[in-house]
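There is one chain below, alone, in structure tokens, taken in the form predicted on its own.
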């Protein structure tokens, strides 16, 4: 009986973890959820709750257990930084913490100081802002440490604003502070905020986010993408494991699925991750799958790219050949997310469109108009879709 009880508790904990969305583009960093109960038919009754936010933001919400974390910035100069924790069930506020920005808050009017998505290791939540303020709180909102990275690296900024999100692995928090002046990426100790390592990076504005890469042998690496290409580093040491040097986009990020890395490079370039940790093997390259702002998504053995105008293109993961195209109602900035057979696409006008990818030419099977400009990538957790605008956060799905 004791063995059975322990087994049931372990199974429950694994299910609990699988339902979380702890970082930008989810637990695997590829925008795909393992859940199968996310609603496809959306209407007014699909809104479980909607709450007003105290400031602007492009960051995606993250979900850990029954907690939803979201960041905002407020004030005429967006120098007031907000971190909120909400109840996933009803949207009620558990706590809110506010900080003054210590770095530059200048950014393009379309973006925000609260552009990077926070991340959690299950014990702490880490929030990075365009001002290069990096804040660590426990799940109850207690401050553990704070780094004003611009004090250490005063020229690490650009006039359009920073937006690279955080990723955590092996007790390290990886922050890409890449720009055309003092361009760096650093790995910080999750407990203390002290640098474990720092790399000088190509001097060019870069809005991609670090990507967790799990090799076939179970080794964890972090992919750092730039206009020069992509380098995979160890999260604790920053030591390079391999490098792809043929250039890459500085806006859409790479995607990993089933051991294949889909890099926004010359369209899309597919790289096979090697078990021995050596340089990946190029499988194919397709200019027909060229993405715009949105990152590629892999679902049901197909790789999808979405351009600014709203044309969704499907390609075969094995060959890169184009399978079909579907015109959605655009324009788009946010990256789609996937669950089951469906892609969830949110355009800039706030229209959510659900695409059934199993249809011969793809088909929109659900729509709901949230009525506000949305530039943020959605999140999926606990059978629901979480979407934010500058003014609101919605939960679509289970109440």
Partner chain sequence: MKNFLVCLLIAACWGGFAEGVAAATLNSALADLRAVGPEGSGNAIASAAWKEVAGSDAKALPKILSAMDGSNELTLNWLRAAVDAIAGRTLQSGGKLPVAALERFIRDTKHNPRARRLAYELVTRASPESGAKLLAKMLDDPSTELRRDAVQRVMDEAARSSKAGRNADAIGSYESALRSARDVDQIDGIAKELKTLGKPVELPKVFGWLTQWKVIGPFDSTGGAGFEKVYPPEERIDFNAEYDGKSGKVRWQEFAAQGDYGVLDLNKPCGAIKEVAGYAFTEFSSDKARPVELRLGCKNAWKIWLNGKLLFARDEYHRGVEIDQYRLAGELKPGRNTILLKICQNHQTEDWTKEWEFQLRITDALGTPIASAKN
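All values reported here derive from a predicted model rather than from experimental measurement. Residue numbers count along the first chain shown, from 1.
Separately, the form predicted together with the partner chain exists; it is not shown, and the next lines address it.
Proximity of residue 85 to the partner chain in the predicted bound form falls outside the 4.5 Å heavy atom cutoff. At the 4.5 Å threshold, heavy atoms of residue 218 stay clear of the partner chain in the predicted bound form, well away from it.
In the predicted bound form, the partner chain lies within 4.5 Å of some heavy atom of residue 142. Looking at residue 165, you'd find every heavy atom of it more than 4.5 angstroms from the partner chain in the predicted bound form. Only one segment in the set 311 to 319, 204 to 212, 118 to 126, 259 to 267 has residues whose heavy atoms sit within 4.5 Å of the partner chain in the predicted bound form; it is 204 to 212.
The listed set 152, 90, 170, 246 contains one residue whose heavy atoms approach the partner chain in the predicted bound form to within 4.5 Å, identified as 152.
A single residue from the set 325, 288, 278, 192 has any heavy atom within 4.5 angstroms of the partner chain in the predicted bound form; that residue is 192. Residues of 80 to 117 placing a heavy atom within 4.5 Å of the partner chain in the predicted bound form, in sequence order: 80, 94, 96, 97, 98, 99, 100, 101, 102, 104, 106.
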